[in-house]
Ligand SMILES: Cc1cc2nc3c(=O)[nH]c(=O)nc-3n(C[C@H](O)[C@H](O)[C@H](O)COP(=O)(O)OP(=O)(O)OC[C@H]3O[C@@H](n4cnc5c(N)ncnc54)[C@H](O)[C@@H]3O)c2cc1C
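Just one chain follows, in the form predicted alone, and it is written as C-alpha cells.
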C-alpha cells in the first residue's frame, strides 16, 4: 500500500504575494504570506495557477516562504505577470531535502540551482567553513552573487564563456577545494549532466555528496512516476529530490 504524506494530500493553500524582487533579466523572487517553519533546505512546493498549470519550485526560504522563478515556459511567464497582492496557490513543503553533515560545506549551484543552496548556506551559518560555486553560461545568467556574499560564504563564480569569474564549468573551481577540504560534503543542485559529473567525481575521491535532481515533477507525491531518475524507480518528488551519497568506509 502506498503511504502518502499529509502535506502531499492536502489541498492547495491560498498565498498572497507580499514582495517581488528582480534577480536577473528573466528571474524574479516571490515572497509569500505563508510560513512553514518545519520546512528545510532542499524541499520544494507545488505552485498552482488555476487554468494555467501546477509546477514545482525549490524553497529559497521557509519563514516566510520564498521561491525564485525564471520565465522559461508558459507557467513561469504567467507568474511573472503577477504583482504584489496577487494570489497563487501552494502545496508543501514536499520531498526530502539536504541532510547536513559535520565539516565544511561546498555548495555547487548550476543555472537556477541557487535557491536551495542559499537556504542551506544560511541554515549552516554556524561557524563552519562554507563555499559556494555558482556556474552559469554567461555573466548575464548568474544569480544570487550578492545574496551569497551577504550570507558570509566564500563565493566562487564560473561561466562557460569566461565573461565572469573563472572560465569553464563548475569543476574548475571545485577541484582545488576538494584537494584542500577532503572532509567536506558537496551539496549540489543543477542540470542533470552537472550532477552526474559531480557524482562520479565525488565517488572517485570518496567524498560525501548530496545531489538535488531537477526532474519533471507533476503530482509531487510519487503516484504519476513522471519524475523517475535512473532505472531503479527512484522518484525525485518522493524519494528526493535530494540523493544522499555517503563515502565508502575505508
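Numbering follows the first chain given and starts at 1. Quick caveat, the model's predicted, so the values are computed rather than measured.
The discussion below concerns the form predicted in complex with the ligand, not included here.
Although the partner is absent here, residue 58 is a contact residue: one of its heavy atoms lies within 4.5 angstroms of the ligand in the model of the complex. The closest non-hydrogen atom of residue 215 lies within 4.5 Å of the ligand in the model of the complex. Mapping the unseen interface onto this chain, residue 73 counts among the residues with a heavy atom inside 4.5 Å of the ligand in the model of the complex. The closest heavy atom approach of residue 62 to the ligand in the model of the complex falls outside 4.5 Å. Just one of 69, 195, 39, 209 comes within 4.5 Å of the ligand in the model of the complex, counting any heavy atom, and that one is 69. Picking from 74-82, 98-106, 174-182, 146-154 the stretch near the ligand in the model of the complex, with a 4.5 Å limit on heavy atoms, gives 74-82.
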